[in-house]
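We begin with a single chain expressed as structure tokens, specifically the form predicted alone.
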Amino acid sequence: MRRRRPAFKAETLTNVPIIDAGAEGKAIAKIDGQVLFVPFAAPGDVADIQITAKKKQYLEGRIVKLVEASALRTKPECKHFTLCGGCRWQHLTYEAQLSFKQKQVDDAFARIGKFPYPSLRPIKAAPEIYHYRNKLEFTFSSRRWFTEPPQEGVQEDPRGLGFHLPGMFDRIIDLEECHLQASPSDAIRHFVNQKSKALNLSYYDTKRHEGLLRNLIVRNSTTGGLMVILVSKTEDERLSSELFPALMAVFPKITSLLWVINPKVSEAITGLEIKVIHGESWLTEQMEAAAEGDPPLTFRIAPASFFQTNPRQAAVLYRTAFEMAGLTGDEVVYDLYSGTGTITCYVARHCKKVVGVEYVEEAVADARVNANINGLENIAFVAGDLGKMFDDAFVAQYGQPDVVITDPPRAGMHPKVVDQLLNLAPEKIVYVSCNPATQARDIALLTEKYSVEAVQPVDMFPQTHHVENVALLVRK
């Protein structure tokens, strides 16, 4: 007979000091030498904490009473804070956020990398700590999360449009406000939600794969572009005849109104047909050039294309990578994980040749358009899996690189890519990363032939624990 596990007792600990910031935006306490992770706490807090999970290596808990508030705390802007998983650090002052992000990079390099590196340069702060994102994706759901118990005798509408509740793939928070994207993002979301309910359109049920409306994506650009993408499971005449005309009548500044039919289980719209209801099928973005005297760069952003979601701070990130590369005009540069070619185009005017390599073919097609728009002819873009194609034959075709710029996803570089970099041994490697932990892991392998000469954190995502980091590696 199978034995039942003993029921977990939700023990509450009193007057627990919070001592540090930890992984995934959680804060840290220590209980009898064991780490306790607590969300929405601040170092310096003293709190009563209910233990919610006991793991072999650590504990998890939540604040039930704040006994003493940390001096690092500030009032969150958003009424959905602690429910929405998007901005876990809104309760921290921006100065504290920057300090902990800098420490995150330092800890990763010291504890994971364990290689020599110079003192970190002071983190580059973002000029805007709210309304900085150029893209938000909202989800329609037939099962919204109710924050208050239903009133007796009142029939609540279960439909909602907003963000997923953390840890619950089938529930969303019906957002009243979001401070990450500038106006009219909130107003567009509210209008679409209210009009859809008035038309009695069904919202998607993730568990059953049923319902009409799936996603609403709002993208904007610093040049004034405003793209709205509605994703539905099937076609419905009411969208064409009523919802879309009403949306354009209220928001005539929309420059691209697009419709995607997605019958798949996955929410990804890559590869699906995109119907243009109004305007162009793309946004146009501009970015200041790498050096004074150069014309600004223009990028065409397709609906499913990735573009840095904080465009003004992206220019700071790319300028940092460019300056670390120290280009003189004679170099062959490889841009690995090149996406839609932003970094590739950014450095092209200051080197002999640059080769961008990217796995997603649609992104490579966008990158070629961007190079053409900017009149850059010394660029080659290649679509393929770096772990498989980045070999001696590739180098024979495109040339021995003097400088490699790499900007991989959060998982870091494929081990075969690291091995080939060691084999090629370019003079410099500029490693741009959105995950200092995997960056430190990869650099530790590269220090066989390279020394770390500079480390520059950049804050791209205020109110979150995420940090970008740029490291310069020079061949020994």
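Numbering starts at 1 and follows the sequence shown. It should be emphasised that the depicted structure is a prediction, and the values quoted were computed from it without experimental measurement.
We do not show the form predicted in complex with S-adenosyl-L-homocysteine, though everything after this point is about it.
Asker: Please pick out the stretch from 164-172, 84-92, 189-197, 304-312 that is in contact with S-adenosyl-L-homocysteine in the predicted complex, where contact means heavy atoms within 4.5 Å.
Answerer: Contact-bearing stretch, as computed: 304-312.
Asker: Using heavy atoms and a 4.5 Å cut-off, decide whether Y318, S338 and L386 all contact S-adenosyl-L-homocysteine in the predicted complex.
Answerer: Affirmative, all three are within 4.5 Å.
Asker: May I ask you to check whether P415 falls inside a 4.5 Å heavy atom distance of S-adenosyl-L-homocysteine in the predicted complex?
Answerer: P415: no contact with S-adenosyl-L-homocysteine in the predicted complex.
Asker: Just to confirm, E285 within 4.5 Å of S-adenosyl-L-homocysteine in the predicted complex by heavy atoms?
Answerer: Judged by the heavy-atom cut-off of 4.5 Å, E285 is well away from S-adenosyl-L-homocysteine in the predicted complex.
Asker: When the contact criterion is heavy atoms within 4.5 Å, does D366 count as touching S-adenosyl-L-homocysteine in the predicted complex?
Answerer: Because no heavy atom of D366 falls inside 4.5 Å of S-adenosyl-L-homocysteine in the predicted complex, the answer is no.
Asker: Test of understanding: in the predicted complex, would L212 fall inside 4.5 Å of S-adenosyl-L-homocysteine by heavy atoms?
Answerer: No, L212 is distant from the partner.
Asker: Just to be sure I understand the contacts: of Q97, T342, S232, T139, which is the one whose heavy atoms reach within 4.5 angstroms of S-adenosyl-L-homocysteine in the predicted complex?
Answerer: Here the answer is residue option T342.
Asker: Of these, Y398, Y359, Y117, F322, which has a heavy atom no more than 4.5 Å from S-adenosyl-L-homocysteine in the predicted complex?
Answerer: None of the others qualify; the residue that does is Y359.
Asker: With the partner left out here, which residues of 395-422 have a non-hydrogen atom within 4.5 Å of S-adenosyl-L-homocysteine in the predicted complex?
Answerer: D407, P408, P409 sit within 4.5 Å of the partner.
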